[in-house]
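This document opens with one chain alone, in structure tokens, the form predicted alone.
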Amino acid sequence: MALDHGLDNRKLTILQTIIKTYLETGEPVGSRTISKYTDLNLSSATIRNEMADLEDLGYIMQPHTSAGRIPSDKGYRLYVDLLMEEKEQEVIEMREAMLEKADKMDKILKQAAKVLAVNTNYATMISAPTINRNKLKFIQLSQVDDHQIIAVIVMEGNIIKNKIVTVAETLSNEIILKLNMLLNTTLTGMSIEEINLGMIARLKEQAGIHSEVIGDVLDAVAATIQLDNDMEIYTSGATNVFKYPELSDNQSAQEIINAFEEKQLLQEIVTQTLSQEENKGIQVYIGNETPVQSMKDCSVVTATYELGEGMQGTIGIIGPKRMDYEHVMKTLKTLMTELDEIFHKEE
């Protein structure tokens, strides 16, 4: 619900310009300065009249005999409330857009796994894109109740994660705004690898008595940026292994099918593939080279696909050692290209 402040757009723009400029300079703000920083195309006289109205309404005040104005507590309060409302709306819109995109991607990846299995006659798997070495876009802290705040963590690619953080004290809106500014000024554009102990210590020192809150929020950020342990994996064609005597004549087939049902072992393949940053192309594991011991009689061919910066997933094909490697590699390259085209078409 929009805030009911009773100001028209012109007055609101002038008030916001005064506050932003004063926050940057610490000096009273005059009409000439406002005319430079806004595109209202108003004369200095008109701006002075509007400032007089804002002063009468209690949003700004004139210190001593200075020609400029500074924000009052009432002005700061409106500015903070509008800022929080704007950020909350931005997060809501991004979350809705990403949920819609995630639902489409879910269907696309399920279908892709099926097509891959039919096309190759092998068992196939595709992991949903996860956040890997991604960077922070911004953090928004908001009050839930007296002892809980929610940290909305937005990554590049507009990936949004929420974490509830328990706090020992009630935090005012002003303190939350201060912590938001502190976190975003320091951490925006950072990856988890770049957030070192020295940086954390400086943040805590700047937060003063609220250092514990900063520590808890940083723990939540670290947990969010790292690879999700409960990754989604889509599979198809597990029973194709029965088509190959060297796999179906012993317990290998059952072990492979179990791995596809439980999916925990498949996560090891994904983790190993995504961790090998030096080679993001197609990788081939033959026999004992495979990350999963139960697939030692197989060959596993994997590839990393990337959907925007930092959003990566793995495509895997599991079959006998005598698989048609040329056909498998060609099929993987085609699928990687198609996924990239589909993702960018949806943007």
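Quick note: we count residues from 1 along the sequence shown, nothing fancier. Note that the structure is a prediction, hence the values are computed from the model and not measured.
The discussion below concerns the form predicted in complex with the DNA, not included here.
Shown alone, this chain has one stretch from 67-75, 177-185, 161-169, 119-127 that lies within 4.5 Å of the DNA in the predicted complex by heavy atoms: 67-75. The three residues N41, R48 and M51 all sit with a heavy atom within 4.5 Å of the DNA in the predicted complex. Although the partner is absent here, P291 sits far enough away that none of its heavy atoms falls within 4.5 Å of the DNA in the predicted complex. In the predicted complex, the DNA sits within 4.5 Å of a heavy atom of G30.
In the predicted complex, R10 approaches the DNA with a heavy atom inside 4.5 Å.
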